[in-house]
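To begin, one chain is listed below as structure tokens, in the form predicted alone.
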Amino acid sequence: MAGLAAARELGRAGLSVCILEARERVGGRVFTVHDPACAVPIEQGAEFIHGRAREIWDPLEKAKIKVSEVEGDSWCISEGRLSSCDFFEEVDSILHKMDDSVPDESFSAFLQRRFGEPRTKAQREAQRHATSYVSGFNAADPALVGVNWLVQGMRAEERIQGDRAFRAENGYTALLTVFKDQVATFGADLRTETIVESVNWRERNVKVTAHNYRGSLMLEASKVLITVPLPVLKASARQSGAIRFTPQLPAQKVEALDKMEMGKVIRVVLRFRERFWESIKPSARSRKNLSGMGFLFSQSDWFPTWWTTMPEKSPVITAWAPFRSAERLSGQSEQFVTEHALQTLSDLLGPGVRELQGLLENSYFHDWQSDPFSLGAYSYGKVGSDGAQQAIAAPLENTVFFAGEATDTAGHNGTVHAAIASGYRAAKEILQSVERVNVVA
């Protein structure tokens, strides 16, 4: 999305643009599947629109694409008991005690320093839920993620109503199509299945070596914009999908890359013949069932978080495995992942695995950690990462430019709107550098 956003702005300004995409599709970690047998789009990458960021809302509104707010009840399972979730205020209370005016520390260290060992069950549960939120929402290691980065993200969310979540009709395909069409209108040369191997550069000159199904190729330009995910930039030369820079990236940029980390997530979407959870009740005496369930939170080692398509009542449910759970599942087969998802769902809600297997019509899965062109889900800042995004984003001699959600400096790392914003920022930098060259000439 960063590359498409930048290409749109550069093409609009009259520059000649060539987009090199390693995959057979565009979109990167935006990956929507449309199954004719399913009434709703299946998201295998980004799904939610977080808040009211103009980078997403402006193109959707201009294209008159319908957007619906995510709704539904939140249910929790603790010690085998199913109940309505009531931990949100306690988690907010803990998170809002984080302070970025003191020396940075990890979230785990903050909990220990600020609260110490929990003395009551309620305190223990509150800290556990807060830790689960940090690792689940940010896909982050609580022992690595920096408090300063978390605070910056919370402030950024407040500015755009980030506590609200939305979905576009037809999924993220809708937004992707808008950008693709605009890029095509401005005549960009889009080449898919073209894997970049190296970037050889000097001031005002870049030679990019790549290969596709036709063989090797080399392209030459005055400037290049790199929009690959964080771990691809950090990858060693021997790793599949890695890009070799000549000269190498400067030490300051390498150090900044090391201050950021890539979150890990495994998600699998399960499509059933019917919404079997509609008939499930938290207890025999309860009048309320799970027909309105939006989210389900648990302490499962495999898939702790689940959500439905509410307010759309479709027999589709998504299993979310962040951090340690993702590490257990990454590299496994789709069958392995699906089986563990069904077993977890059985353990949490009660129906037998065989019953769920009989109801299951299809599963959808993409292992982003094992994908050589992503190597993870989305970025977060480690302890001491202040200024890292700016350093990663900084251009090299007005010749090599950088964009992508990991380069966002406004606190929105890990989001689609951050990727788009970074593309706009990089395009502006490129256009300004072109103007300066023209003035000098």
Ligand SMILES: Cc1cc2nc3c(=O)[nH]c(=O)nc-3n(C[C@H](O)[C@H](O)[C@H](O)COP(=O)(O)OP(=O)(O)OC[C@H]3O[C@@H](n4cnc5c(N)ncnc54)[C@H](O)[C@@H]3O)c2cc1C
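Note that residue numbering follows the sequence shown and begins at 1. Keep in mind that this is a model prediction, so the values were computed, not measured.
Below, we refer to the form predicted in complex with the ligand, which is not included among the displayed structures.
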Proximity to the ligand in the predicted complex, single hit among Trp320, Phe110, Phe323, Trp75 (heavy atom within 4.5 Å): Trp320
Position in contact with the ligand when the complex is considered in the predicted complex, options Val196, Ala174, Ala256, Leu249, heavy atoms within 4.5 Å: Val196
If we take heavy atoms and a 4.5 Å cut-off, which stretch out of 394-402, 59-67, 370-378, 34-42 is in contact with the ligand in the predicted complex? 370-378
Might Val383 be said to contact the ligand in the predicted complex, defining contact as any heavy atom within 4.5 Å? no
Is Leu356 near the ligand? Define near as a heavy atom within 4.5 Å, in the predicted complex. no
So, Ala188 and the ligand: in the predicted complex, are they within 4.5 Å at any heavy atom pair? no
Closest heavy atom of Val416 to the ligand in the predicted complex, within 4.5 Å or not? yes
Looking in the predicted complex, the residues of 30-65 with a heavy atom no more than 4.5 Å from the ligand, listed in order, are Val30, Gln44, Gly45, Ala46, Glu47, Phe48, His50
